[in-house]
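Given as structure tokens, the chain that follows is alone and in the form predicted on its own.
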Amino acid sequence: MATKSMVDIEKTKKKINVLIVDDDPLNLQIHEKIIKAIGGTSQTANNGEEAVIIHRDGGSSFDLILMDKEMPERDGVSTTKKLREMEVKSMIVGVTSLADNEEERRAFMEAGLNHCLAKPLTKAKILPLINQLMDA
């Protein structure tokens, strides 16, 4: 009987769908593990241009986008601005080693981020934002 209750809870629990945008394979792997650990699903993009293409051509929709700031081809600031111009409504969270630099952080936030977190990303840092999304 208890097992059935657990299964019912799992079935009704909303799964979060996350796009991870980062040019560093290790960061992609770490962020994917965090999302999997909290029961979410993820897709990755190796740079901002890929993230734009995923939205433009794939018609994909995500609850959350984890956005690196410094990437080749299209950086996080430019990508975030472009996604907002495309009317992407996902929560976009900047993940950067420059989060302590107030000027850099402000520029990233002004591009259209909902939040900005310092690397390394941890489950403890992202969980409050996940909970906020789940409650919405």
Partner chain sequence: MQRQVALIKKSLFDQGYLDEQFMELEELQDDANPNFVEEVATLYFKDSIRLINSIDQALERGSFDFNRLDNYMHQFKGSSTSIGASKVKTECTMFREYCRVGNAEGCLRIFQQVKKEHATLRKKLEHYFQLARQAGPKETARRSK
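A quick note: this is a predicted structure, and the numbers were derived from the prediction, not measured. Numbering follows the first chain given and starts at 1.
There is another form of the same protein, the form predicted in complex with the partner chain; it is not shown, and what comes next is about it.
Query raised in the report: Contact between Pro25 and the partner chain in the model of the complex at 4.5 Å, heavy atoms?
Result: Yes, contact at 4.5 Å.
Query raised in the report: Does the partner chain get within 4.5 angstroms of any non-hydrogen atom of Pro120 in the model of the complex?
Result: Yes - in the model of the complex, heavy atoms of Pro120 and the partner chain come within 4.5 Å of each other.
Query raised in the report: Does the partner chain get within 4.5 angstroms of any non-hydrogen atom of Ser61 in the model of the complex?
Result: Looking in the model of the complex, residue contacts with the partner chain do not include Ser61, since no heavy atom lies within 4.5 Å.
Requested in this report: Could you confirm whether Val88 comes within 4.5 Å of the partner chain in the model of the complex, counting heavy atoms only?
Outcome: Val88 lies outside the contact set for the partner chain.
Report task. Could you spot which one of Ile34, Leu83, Ala111, Ile65 gets a heavy atom to within 4.5 Å of the partner chain in the model of the complex? Result -> It is Ile34.
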